[in-house]
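Single chain ahead, by itself, as structure tokens, in the form predicted on its own.
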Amino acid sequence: MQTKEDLKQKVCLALDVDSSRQALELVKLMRDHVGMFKIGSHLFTKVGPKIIEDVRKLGGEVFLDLKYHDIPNTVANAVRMATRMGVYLVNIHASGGLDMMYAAVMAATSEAKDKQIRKPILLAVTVLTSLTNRILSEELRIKHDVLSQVVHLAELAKSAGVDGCVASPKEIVAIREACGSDFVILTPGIRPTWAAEKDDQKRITTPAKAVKAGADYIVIGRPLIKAASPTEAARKIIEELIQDSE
């Protein structure tokens, strides 16, 4: 059975706020209640890379969620800089292709070795949780359904040496079967049963169901940030995870 500390480490709080001040206040408040903090394009675009250093100085691990998707050399250089900044997790788009993903893997590995620093866990984004079968078919002209496309991209990422993937809770079991127990799965689209808002994410589930299905990390933003007491909301999530693991 997993301990409370084990389960806490699985929870990543999305710092989807408008300023460094708000973000760092959340880190101070929540660093003993979650395992990691996500810095995405919202906050990173507003305040820049210094926020990574600031969060780490407060004792927070960072998931840099910028979903790099470009030519292999550009993505490799971006991943190299993320590695140098000491992030714990960083992601790229699997749809950038095999060469791009392999370049990212080599960049993270070589930078960590050259600088004698920790190599970040590299994840490949499969299909965004806002997308549906209709969007894939009608708008993007992808002939496979979401599940098939997710598993294909996860397998492609694994073949490139990527550590794991980002996928919705609905695809966890299929990815685990296809890619094995060592393949890291991070899951957005997490909504506790008591969270009224579903927002723009389509393929969602509860924290307990995601972890039970095999997610290594779950990303939660608005249900915690908008809660009357974020720490109490985090405590409730951990308690639900503990109960479900017994």
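Worth saying up front: this structure is predicted, and the values here are computed from it rather than measured. The first residue of the sequence shown is number 1, and the count goes up from there.
What comes next is about the form predicted in complex with a small molecule, which does not appear here.
Q. Given that the partner is absent here, does residue 220 sit within 4.5 Å of the small molecule in the predicted complex, heavy atoms only?
A. Yes, contact at 4.5 Å.
Q. Any of the heavy atoms of residue 129 lying within 4.5 Å of the small molecule in the predicted complex?
A. Residue 129: contacts the small molecule in the predicted complex.
Q: Tell me, yes or no, whether residue 207 is in contact with the small molecule in the predicted complex, where a contact means a heavy atom of each within 4.5 Å.
A: Looking in the predicted complex, residue contacts with the small molecule do not include residue 207, since no heavy atom lies within 4.5 Å.
Q: Find out whether any non-hydrogen atom of residue 188 is located within 4.5 angstroms of the small molecule in the predicted complex, and reply yes or no.
A: Yes, residue 188 is a contact residue.
**Q.** Which of 176 to 184, 51 to 59, 25 to 33, 212 to 220 sits within 4.5 Å of the small molecule in the predicted complex, heavy atom basis
**A.** Heavy atoms within 4.5 Å of the small molecule in the predicted complex occur in 212 to 220.
Q.
Counting heavy atoms only and using a 4.5 Å cut-off, do 14, 38 and 67 all touch the small molecule in the predicted complex?
A. The answer is yes; 14, 38 and 67 each reach the small molecule.
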